[in-house]
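As structure tokens, one chain now follows by itself in the form predicted on its own.
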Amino acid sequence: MTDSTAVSARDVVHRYGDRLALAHFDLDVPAGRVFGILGPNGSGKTTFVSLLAAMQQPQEGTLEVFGLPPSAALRARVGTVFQENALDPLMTPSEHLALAGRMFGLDRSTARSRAASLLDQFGLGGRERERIGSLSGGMRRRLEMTRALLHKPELLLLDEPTTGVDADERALLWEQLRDQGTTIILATNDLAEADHVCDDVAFLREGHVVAVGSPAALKEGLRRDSVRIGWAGDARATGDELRSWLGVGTVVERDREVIVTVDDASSFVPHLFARWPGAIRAVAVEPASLEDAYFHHVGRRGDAAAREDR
């Protein structure tokens, strides 16, 4: 572990009964960056975040946050926003943040000052005396962010923080989060959001890290073009044939859509229409995306038995 590393995991193993959630898990998270943890349900994302938050301890291996094992004492340097809403709808934002300030050990004046500043930053100024239950879902999510940042944490853990939040709310959240200058670990299934906001990402599969790098670096090793094909009927039967074509990389079927990475879309698309005349309803050609890289390394959700994420 170095001064430039916020989190270091080495050979971490964690089980829930017979189920292996993290399997010899290795990862380094650089300090001061937005780091995405991406993987299907059951891949170990939430388990890893819960270990960092010292909600449980790894059963094997070593895990360090700023050079120390996660502990209750270390929580003073860590902020968390989990998937589930943890707000009391009968309280006001001011009451909620005052309680959080006491839990973080802040004196009343400091907590009040920081709360007022954060509420303004996150667009909640003037709403501090309203019942939380009257706030919109996006506002409640922003309030959870203010609570997590109240004690100026060095590490912020976000587990699906923008689920159900509209695009404008997401943009506001990330604009303010990046201004905090803290290390952020984002566990998410939203590949487009991760591509947009993350400096680095790790792909997880069945408790293992299978690829790590910047979104740009992970996309570099793929075929050059991504072709999205809309079909008139069920497209899944076309996948096996497309995989056999020269110049085709990954093929992902989704009911009436197939996503194919290819060496050269200009030669692939005419061949496509010649093979299935009248069956294709739409074609879109895009540069390779983080989603393409994800499916390349992780595979489709149906490739392994679905398991509940912990």
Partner chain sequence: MRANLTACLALFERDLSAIRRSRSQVYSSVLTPLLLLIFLGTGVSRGLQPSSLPAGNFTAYLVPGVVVMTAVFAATFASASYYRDRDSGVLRMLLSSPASSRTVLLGKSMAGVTLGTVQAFAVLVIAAPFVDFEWQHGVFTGLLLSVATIVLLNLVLAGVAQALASRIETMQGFHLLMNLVLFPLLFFSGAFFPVENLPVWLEVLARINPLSYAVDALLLAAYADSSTGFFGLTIDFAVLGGLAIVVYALGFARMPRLTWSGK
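Just so you know, these numbers come straight off a predicted model, no measurement behind them. Residue numbers count along the first chain shown, from 1.
There is another form of this protein, the form predicted together with the partner chain, and it is not shown here; the text below is about that form.
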Assess the spot marked by Phe82, Leu87 and Asp159: is the partner chain within 4.5 Å of a heavy atom from every one of these residues in the predicted bound form?
yes
Which listed residue (Glu130, Glu220, Asp240, Glu95) meets the criterion of a heavy atom within 4.5 Å of the partner chain in the predicted bound form?
Glu95
Scan Val260, Leu63, Val49, Ile37 and let me know which has any heavy atom within 4.5 Å of the partner chain in the predicted bound form.
Val49
Contact between Leu172 and the partner chain in the predicted bound form at 4.5 Å, heavy atoms?
no
Would you please decide whether Arg108 lies within 4.5 angstroms of the partner chain in the predicted bound form, comparing each non-hydrogen atom pair?
yes
Contact between Ala235 and the partner chain in the predicted bound form at 4.5 Å, heavy atoms?
no
Is there a heavy atom of Arg142 lying 4.5 Å or less from a heavy atom of the partner chain in the predicted bound form?
no
In the predicted bound form, segment of 72 to 80, 200 to 208, 227 to 235, 118 to 126 with a heavy atom within 4.5 Å of the partner chain
72 to 80
Select from 93 to 125 the residues with a non-hydrogen atom within 4.5 Å of the partner chain in the predicted bound form and write them out in sequence order.
Glu95, His96, Leu99, Ala100, Arg102, Met103, Phe104, Arg108
